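Okay, so here's just one chain, in C-alpha cells, the form predicted alone.
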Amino acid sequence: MSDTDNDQLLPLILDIGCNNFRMGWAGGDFPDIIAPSVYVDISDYLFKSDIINGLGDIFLNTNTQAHLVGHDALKYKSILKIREFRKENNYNILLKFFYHYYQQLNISEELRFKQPIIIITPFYKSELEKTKLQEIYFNLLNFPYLLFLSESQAILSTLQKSSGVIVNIGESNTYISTIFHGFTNIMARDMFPITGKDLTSYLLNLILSKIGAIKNIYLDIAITKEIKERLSLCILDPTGENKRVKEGLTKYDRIVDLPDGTKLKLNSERFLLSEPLFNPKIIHVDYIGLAEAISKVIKTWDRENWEELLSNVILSGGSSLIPGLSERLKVELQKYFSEKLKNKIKVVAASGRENMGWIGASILYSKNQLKKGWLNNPNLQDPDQEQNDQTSSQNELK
C-alpha cells in the first residue's frame, strides 16, 4: 500500500457548525476544508424573478442542480435567499453538502467511503440528531466506523488540559461546560442565550439608531457581521468611554466604506456591541450575564475544585474573537468570588480558537487517545474484512 493510500484511510474529522463546516484528515494541523454552513434553492429568489425577464438565465445555468451549497451558495446571496441547513436540521442538504466537499479531497476511487468518521458534538446535541447522522454516514454513505467526540474534551486537549471551563461563543449557540480531571458534571453546564448573531443584530440597531433618517445607506445583517468581525472591541469601562466619546473622544473612530459607495463613521458602537454578553437585558433577554452564568456553573462543583476550574476558563468559538473579551470577562468574574480566589482567575483566549474543537480532535487522534466509543456500521457484514488495506488502517481504532 502506498503512503498516499495510507493517508486516505485516516479518519475524517467533521465539525458541523451553524456558521462553518470544517472537515479534514485526523492528525493534521488544520481543517482541509472550511465552508459556510449554508445553501440556496435556485428557485428561491429574494424578489420575483419575472420582474426582469431572463433573470434566471443570466445568473444561473438552467442545468444546475436544484441546490447549491457552501461557497457556491454565497455567490448568489444578492439574488437568492441564503439558508442555514444546520439551523433547519435539514439532513438532506447536509448529505449533499458533505458529498460536495468530500469530492474535493481527491480521494482515489477505490478508497472512497472507506474512512472512519469523527463527528465533534457539543453536549446539547440530542440522541435523535446523532441517530440522523448515523443514518447518513452508515446507511446512505456506508462508511465503516463513526465516533461522536465531545467538543469540550476536544477543546481541552488543544491546550493539553484535563480540567477547565469551556465558554464556547458561537454564531447561533453559546454554551458553558466543565470538565474536571476528565470527568463531566451534567449539572455544571449552561446554554447561554446570547450568541454572535445577537451581537450582530445589536450592532445593526446601534448604527441605525445613530444615523436615524439623516442618511440613506445600504446596510444589512451580512455587512454588519463583517463590520463586527473587523472592528468590534470589548473594554473595561464602556459607560465611561461612551460618555467621553460624546464629549469628543476620537480614539474609537473608524470609517467604513459600504457597498453602495457611502461612508459610515463608527465609534462607541464598536465596544457597545459586546455589552449584551454581560447584561442580556440590554436586548430584552431576561437572563443573567455571562460572568455570573460561568460562576454558577463553577459553583455546582465542590468548593475545593473551584480554584482549578477558575484558573482554566477557556474561550472558544468564532464569536469569542472580540479583542479585549478575555480581560473584561476576568474582571467581571472577580465580582462573584472571594479575595482568595480572585487572583486565581485566568481566562485563556488562545489563537485559532474558532477552530479549537477540530484541532483538539486531531490532537487526540495523534496521541492515540481515541480508541473507545467507536460505532461499527451494522450494514457491513464484517467491517474488519472489507479490504486488507482498510483493515490495517483500522486495527489501532478498535
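Remember, it's a predicted structure, so these values are computed and weren't measured experimentally. So that there is no doubt, residue numbering starts at 1 and follows the sequence shown.
A second form of this protein, the form predicted together with a small molecule, is not displayed here; the remarks below concern that form.
Here the marked residues Ile179, Ser295 and Lys346 all miss the small molecule in the model of the complex; none has a heavy atom within 4.5 angstroms. Although the partner is absent from this view, Cys18 contacts the small molecule in the model of the complex, with a non-hydrogen atom inside 4.5 angstroms. Among heavy atoms of Gly318, some come within 4.5 Å of the small molecule in the model of the complex.
Under a 4.5 angstroms non-hydrogen atom cutoff, the small molecule in the model of the complex lacks Ser163 among its neighbouring residues. In the model of the complex, at least one heavy atom of Asn168 sits within 4.5 Å of the small molecule.
Scanning Thr121, Gln153, Ser232, Gln115 against the small molecule in the model of the complex with a 4.5 Å heavy atom cut-off leaves one residue, Ser232.
Think of it this way: in the model of the complex, the small molecule has a heavy atom of just one of Lys225, Arg189, His100, Arg270 within 4.5 Å, and the residue is Lys225. Of the stretches 168-176, 89-97, 154-162, 237-245, only 168-176 has residues with a heavy atom within 4.5 Å of the small molecule in the model of the complex.
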